[in-house]
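Quick heads-up: it's one chain on its own, the form predicted on its own, in structure tokens.
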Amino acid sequence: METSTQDTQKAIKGGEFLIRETAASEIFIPEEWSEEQKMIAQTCNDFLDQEVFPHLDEIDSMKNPDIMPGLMDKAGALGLLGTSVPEQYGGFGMNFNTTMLVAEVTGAGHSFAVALNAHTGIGTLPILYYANEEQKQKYLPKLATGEWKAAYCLTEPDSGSDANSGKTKAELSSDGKHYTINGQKMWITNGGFADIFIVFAKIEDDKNLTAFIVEKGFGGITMNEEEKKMGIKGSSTRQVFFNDCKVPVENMLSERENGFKIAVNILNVGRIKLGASAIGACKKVISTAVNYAGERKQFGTSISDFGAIKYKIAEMTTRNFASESASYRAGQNIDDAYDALLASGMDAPKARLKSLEEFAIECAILKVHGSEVLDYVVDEGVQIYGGMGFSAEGPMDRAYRDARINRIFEGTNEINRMLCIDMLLKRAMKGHLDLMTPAMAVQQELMSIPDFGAADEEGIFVKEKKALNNLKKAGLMAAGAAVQKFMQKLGEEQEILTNLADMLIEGYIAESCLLRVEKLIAQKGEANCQVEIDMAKVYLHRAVEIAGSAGKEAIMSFAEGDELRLMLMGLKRFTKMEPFNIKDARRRIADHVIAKNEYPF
């Protein structure tokens, strides 16, 4: 597959984008997919066109309990369930970015995408990364083909975001041969047809959870009826009850009390893959909406000719393009870290976990951004359709309802925002990231005369890169001052953490978009990238606006007097943008998309 992008200099650390300038040549962009990767994407597209889209109403009705397991069987036959499973266990052993591509394309598949991602992600990966060899040999081949379907049992009625507070118990038998599990799990995706359950329970008075591989055939497993949900109606979601379920001791996954760590690390994968799935869902909605806008006539003309509709099409496209840019940048970083760890002698499962853990900040960022872009896109999709958007007969009804869960899945966006900042600060305290030096440099800069830059600077994105660096400085300034003010109690200031997270998120996404376009220009020439240049500038402008607003709110929450005035002046300096005609840029973006009559990137 794709080779490393990090050959030229020391590999970047997770979260380091905030304090280190990245060269465009260092990142992977979707325009670089190999022919093999494009063929895999086409296989996924063909599967959706032939097996999923014609049957969406039937899938959502849940009247045929065999339809989703049947789709999983067909996907398994094509190899779509074994993309991340190594070849020795019956899979394809693809690199991480390729598995991201599969998640993206199938992300347009509504409830099917949920079932597929739950099986290949949280259902299969705990065994791939944490099981012993005997367990891998027994379970992975059947999971890779879809002969056995998997579900993940973590959430309980009283433990959602606080997963480690679960009450499900596992008691060792007197002969030491099995554990008896008793407890209740809820919101279990694929619960209705799963053969394998990854179950988290506490042994005796342990502080942390322990994970088990539980086969449906062990007995002692009962379920409630399918949950009635706002969206993803075709996805099986059940409450699962374990009543004296006897699990052989050899089915403990990893070590005792390692369950919470398993849960946290597997969620990193789930988060970045959810962001990728959202990109695929956005592309489908944008293409559908643009097609409709071209056909729908009002006042004697297609509504796609109206500026207000062009605004929507341009923003939908730009935000998704930016999210996609960041997703595959991070995916390649994870692959590069994995390759480096393998080369150092680390075994493959541990190297994969370490590489994902390294970029946990980016995983959380992409989950938040992708899910919120999708919410924006489906909302505007409904608006473009007008009255037909509100009709259950139109395609936007399902898209709108199905999108909403993504801000809750894999840790709520509120939790993920706080995690971004928490992880960043913990890495700084451990010396893994040097945030202090650049933060102090920003403090010094606040006291100095502003640098207006050389007037004769030339080159693509010179002004934009300066604006981007200033955006990062704004984040460092606000975060540094908040840490000084609250110290260890910053974790209690959730509103401020949210503001800081928004600054961090927008900086990463805007930079990724800019770098993608810069790399494209190097490959194709500036004249052939005019629409992409427009998107990079439009997105950066929005990112700076968001960062300015979030920074102002954060600073006003804790600073007073001269400090407040100085920081607000600094923020204004750091969030200043060179004016350009955003309306015309958006119109050019929209005209390009409308001419192609689909999402064209």
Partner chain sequence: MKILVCITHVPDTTSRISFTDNDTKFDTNGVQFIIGPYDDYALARAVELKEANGATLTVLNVGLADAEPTIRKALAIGADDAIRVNAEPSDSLFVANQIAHYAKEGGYDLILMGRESIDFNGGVVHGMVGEILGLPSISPVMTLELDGNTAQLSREIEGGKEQIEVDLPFVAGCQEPIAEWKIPNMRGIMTARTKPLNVVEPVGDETGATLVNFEMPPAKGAVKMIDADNVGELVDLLKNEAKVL
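It should be emphasised that the depicted structure is a prediction, and the values quoted were computed from it without experimental measurement. Numbering follows the first chain given and starts at 1.
The same protein has a further form, the form predicted together with the partner chain, not shown here; the description that follows concerns it.
At a distance threshold of 4.5 angstroms between non-hydrogen atoms, Trp33 is out of contact with the partner chain in the predicted bound form. In the predicted bound form, at least one heavy atom of Thr43 sits within 4.5 Å of a heavy atom of the partner chain. Within this chain, Phe47 lines the site of the partner chain in the predicted bound form, having a heavy atom no more than 4.5 Å away. In the predicted bound form, the partner chain stays beyond 4.5 Å of every heavy atom belonging to Gly480. Proximity to the partner chain in the predicted bound form, taken as heavy atoms within 4.5 Å, picks out 77-85 from the listed stretches 320-328, 508-516, 77-85, 416-424. Proximity to the partner chain in the predicted bound form holds for all of Met39, Gly90 and Asn597, with the criterion being a heavy atom within 4.5 Å. This chain lacks the partner; the member of Ala428, Met94, Leu128, Met252 within 4.5 angstroms of the partner chain in the predicted bound form by a non-hydrogen atom is Met94.
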